[in-house]
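Next up: just one chain, as structure tokens, the form predicted alone.
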């Protein structure tokens, strides 16, 4: 196992296409870290630089205190699982698992021991003599994982390995990956555009956009305290509601105003910097819907009530914009209803209207 340290690592394609802009953070030994963001954010390029498949434009990459920036992939002691299973179709499962060990001239007895250990760990013992075409998608994904794990690498890299699976199988494989990491303890770096995968699997997540790290932290911290508007909108399903408006004061208390709607702000959101134009953020689960649309509540009209299994997503028209609330499935709210909303004051977020950064803001 190894610590992985990015030291101002940068990748530029051509003259001015910045794929990765100065990564500068450390991944702890034995941790499970996800690089997450939309397509084109630089996460796969970062993973390819760790693997040695892409040469950095500048900066360094270190495993523990060993500089591996200029090393060939075979000299880095890493193993990688791709989106495609990349199994040899003419080989049996056993031969696929053994292939890397044979190339390294590992003795036959040790090869047999490692295959037996990995096959038992991944529950693929019955398939060892089958060819990949005789396996299901989930079974092939296990073989691909096994072929990487059998080498006992220092660093284990996964590039969207579950994206080709159907929804039910993805849930199952997420659980298997989490169990696998708990067993082997290898440093795992996981690339995905699916923020749910990142949230459920990781010790820490690295949120990226346009080659720049937006926030690093444990999943619960990134969800509860997003650093900026991008993270607030990207992390969470449905994403955080954001309402553009301005701040003022009444009776010495800050409040948010938009098109006649007023939201009192708690003292915890007072002030490190002056600003008037802001974004008020609230998660869907932190909105309570009542039948009362009077002065003590935020008036709203229900556009659509969407059943999603054990929950309902309630789409609401508020002050000229649409927001989403999450309720229990048995909520009586229906499309067309006029309702009142209560925002949990301890779950409100403020973002600067110019920089989009999260901050405690004093009314100007």
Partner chain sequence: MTRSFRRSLAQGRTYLLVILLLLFVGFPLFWMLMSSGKLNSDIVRIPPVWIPFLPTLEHYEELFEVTQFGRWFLNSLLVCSLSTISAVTLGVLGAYSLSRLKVRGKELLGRSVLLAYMFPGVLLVIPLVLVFTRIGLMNSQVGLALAYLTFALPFVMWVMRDFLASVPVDLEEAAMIDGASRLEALRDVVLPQAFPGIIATGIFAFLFAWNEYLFAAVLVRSHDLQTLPPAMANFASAMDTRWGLIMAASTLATLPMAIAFAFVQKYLITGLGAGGVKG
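Fair warning: this is a prediction, and the values are worked out from it, not measured in the lab. Each form is matched to the other, and the largest set of C-alpha atoms that superpose within 1.5 Å is called the rigid core. Residue numbers count along the first chain shown, from 1.
Keep in mind that the form predicted in complex with the partner chain is not shown, yet the notes after this line are about it.
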| said: If we define contact as a non-hydrogen atom of the residue within 4.5 angstroms of the partner, is residue 100 a contact of the partner chain in the predicted bound form? | reply: yes
| 4.5 Å heavy atom contact, residue 51 to the partner chain in the predicted bound form | yes
| said: Taking the partner chain as it sits in the predicted bound form, is residue 84 in contact with it (heavy atom to heavy atom, 4.5 Å or less)? | reply: yes
| said: Whether residue 147 contacts the partner chain in the predicted bound form should be assessed with a 4.5 Å heavy atom distance threshold; does it? | reply: yes
| said: Between the partner chain and 73, 90 and 151, in the predicted bound form, does every residue show a non-hydrogen atom at 4.5 Å or closer? | reply: yes
| task | Name the stretch, out of 311-319, 43-51, 30-38, 63-71, where some heavy atom lies within 4.5 Å of the partner chain in the predicted bound form. | result | 43-51
| note | The listed residue (80, 279, 115, 173) that reaches within 4.5 Å of the partner chain in the predicted bound form by any heavy atom is 80
| query | Pick from 123, 104, 183, 225: which residue has any heavy atom within 4.5 angstroms of the partner chain in the predicted bound form? | reply | 104
| message | Aligned on the rigid core, do the two forms place the Cα of residue 74 2 Å or more apart, comparing between this form and the one not shown? | response | no
| query | Once the two forms are fit on the core, has residue 185 moved its CA by at least 2 Å between this form and the one not shown? | reply | no
| Using the core for the fit, does the CA position of residue 90 change by 2 Å or more between this form and the one not shown? | yes
